[in-house]
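Have a look below at one chain only, the form predicted alone, in structure tokens format.
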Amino acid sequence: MADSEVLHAEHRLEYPYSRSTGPVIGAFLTALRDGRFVGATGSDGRVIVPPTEYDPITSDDVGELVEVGPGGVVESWAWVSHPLRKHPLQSPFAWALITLDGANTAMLHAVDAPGPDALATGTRVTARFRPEAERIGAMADVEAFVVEGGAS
């Protein structure tokens, strides 16, 4: 069998795109930049956080945006003992579903707690925002939630 050369070609597969945020998600991200949370009212008066452009039950446009939080209640959580490089915190933390005060739906975010014993369903937490000069209008503007009245 004769030696043959293997053909090599560099190939990069990309899907570059940009998406406008629109009036609902844009308002949510702007509120985060300002250190606040907003939710959208559904057709039955529920407050959806993070807001969606359409009511997830009826598919109708959502109503007005209302301020919620910054505190809330942990609905469910999972402890992360060994954070990965891309996690929001590099020390142990919890991923939690948090229903902000004034909201009817839960949102997922990190909770910076001293350990898993500091958390339970029903634990009150509040948002810890990045310093104002570092905020850019993104979910990362909330560094993490922290247990109310606790040290973290």
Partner chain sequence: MADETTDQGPVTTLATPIRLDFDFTPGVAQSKFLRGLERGEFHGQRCSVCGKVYVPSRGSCPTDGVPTTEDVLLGNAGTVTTYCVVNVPFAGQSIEIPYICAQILLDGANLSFMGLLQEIPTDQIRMGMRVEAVWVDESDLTPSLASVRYFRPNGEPDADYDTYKEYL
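Heads up, when I say rigid core I mean the largest set of C-alphas that superpose within 1.5 Å between the two forms. Because the structure is a prediction, the values reported are computed rather than measured. Positions refer to the first chain, counted from 1.
Keep in mind that the form predicted together with the partner chain is missing from the display, and what follows is about it.
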{"query": "Contact test in the predicted complex: T30 vs the partner chain, heavy atoms, 4.5 Å", "finding": "yes"}
{"query": "Contact flag, G26 vs the partner chain in the predicted complex, heavy atom cut 4.5 Å", "finding": "yes"}
{"query": "Interface membership of V38, the partner chain in the predicted complex, 4.5 Å heavy atom rule", "finding": "yes"}
{"query": "Partner proximity in the predicted complex: P16 to the partner chain, non-hydrogen atom cutoff 4.5 Å", "finding": "yes"}
{"query": "Neighbours of the partner chain in the predicted complex among 66-94 [non-hydrogen atom within 4.5 angstroms]", "finding": "E67, R85, K86"}
{"query": "Exceeds or equals 2 Å, Cα of A133 between this form and the one not shown, core fit", "finding": "no"}
